[in-house]
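Take a look at this one chain, the form predicted on its own, written out in structure tokens.
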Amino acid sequence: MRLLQSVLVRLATTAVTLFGLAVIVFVVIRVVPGNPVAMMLPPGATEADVARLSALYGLDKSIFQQFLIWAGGVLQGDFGTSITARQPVLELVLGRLPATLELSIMALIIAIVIGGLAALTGTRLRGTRVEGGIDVANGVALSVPDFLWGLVLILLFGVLMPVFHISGRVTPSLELPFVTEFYLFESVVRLRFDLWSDIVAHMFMPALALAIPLSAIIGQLLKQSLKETMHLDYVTLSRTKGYGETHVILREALPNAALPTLTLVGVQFTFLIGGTVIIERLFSYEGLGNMAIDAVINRDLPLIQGIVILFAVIFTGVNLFVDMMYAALNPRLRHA
């Protein structure tokens, strides 16, 4: 019963948060200087043309009236029509979302693998030069932002040693028998491993650029948690039973040390999705972040609103899921 009440409270809080965000975004993007309708018309357009197009998109009404109309449409699943693409916003956003999700999930997997291996190696070889080298590498990875890592990767593996693709999501000349926009997943289901390898070759460098800073954060937190766990009584008891250091770390210390890292990974995953905006632009990756930049440049108000609301739903949903998982995996919280 307490878990159900907690979930209901979180859902109510999430709804209030999303509503407040929608109000703020709706007002802010309309008070910023610049007329999106004027940007659509040729230089010789008259005031009558601007007024006619403004009335067509409802921009001639007050902000309060515009918000009521937009909110009413959202409740019915209608997020409006894109000013530049002339297509429904929900259709455009959902069409680009799978690409961003696949890129973010791939980056998260790479970050967990790199960060986890670094933490385990540093813990196993603690007090040696290897641990010091890992700490230095973590510091470098944290100090350089993801877009600079992207530029470095483009220079190394796209120009000097052209191993991976540096733009796009898939080679246009390949046959694309996809039904959904989840290209990576669907290529595996269809056993089209030629397409899968091509998609991975396009995704690897942007995913790695996103993963490097996150892997340093995961590695630092997990290594610190492992160090604290290694001094606990049950770990000492495991050593007295004759188990090796590697067995103690993997079987005894890691399961408990990983719980704080789980929360961090969930929170950082939401920031990872937001960080795809610059990376997608840098690698010309056809995702939601690239579309967001185009929407801001073109002052496409309905599209900006739709993208921001979708990002907010993902952020709050992931955070709620992580909190529930942490409570389910932590015995002290589960029995509290």
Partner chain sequence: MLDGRGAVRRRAGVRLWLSALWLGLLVGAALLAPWIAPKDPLAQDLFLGRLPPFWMAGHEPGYHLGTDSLGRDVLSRILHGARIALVVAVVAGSVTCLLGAALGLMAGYLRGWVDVVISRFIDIWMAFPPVLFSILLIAVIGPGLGSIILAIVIIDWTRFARVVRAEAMAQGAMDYVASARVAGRGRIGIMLREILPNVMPTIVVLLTLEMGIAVIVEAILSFVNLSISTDDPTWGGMIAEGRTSVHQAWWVLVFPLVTLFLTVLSFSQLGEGLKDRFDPVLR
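Remember, predicted model here, so these are calculated numbers, not experimental data. Numbering follows the first chain given and starts at 1.
As for the form predicted together with its partner chain, it is not shown, yet the points below apply to it.
Student: From the candidate stretches 201 to 209, 110 to 118, 138 to 146, 95 to 103, select the single one in contact with its partner chain in the predicted complex, where contact means a heavy atom within 4.5 Å.
Tutor: Going through the listed ranges, the match is 138 to 146.
Student: Check for me: heavy atom within 4.5 Å of its partner chain in the predicted complex, for each of V16, V25 and L151, yes or no.
Tutor: Contact check passed for all of V16, V25 and L151.
Student: Check whether F67 has any heavy atom within 4.5 Å of a heavy atom of its partner chain in the predicted complex, and answer yes or no.
Tutor: Although its partner chain is absent here, F67 would stay clear of it in the predicted complex, with no heavy atoms inside 4.5 Å.
Student: Any chance V159 has a heavy atom within 4.5 Å of its partner chain in the predicted complex?
Tutor: Taking the distances in the predicted complex, the answer for V159 is yes, it comes within 4.5 Å of its partner chain.
Student: Would you please decide whether V318 lies within 4.5 angstroms of its partner chain in the predicted complex, comparing each non-hydrogen atom pair?
Tutor: No, no contact at 4.5 Å.
Student: Decide whether G58 counts as a contact residue for its partner chain in the predicted complex under a heavy atom distance cut-off of 4.5 Å.
Tutor: Flag for G58 set to no.
Student: Hey, which residues along 256 to 277 are within 4.5 angstroms of its partner chain in the predicted complex, non-hydrogen atoms only?
Tutor: Those in contact are V267, F271, G274, V277.
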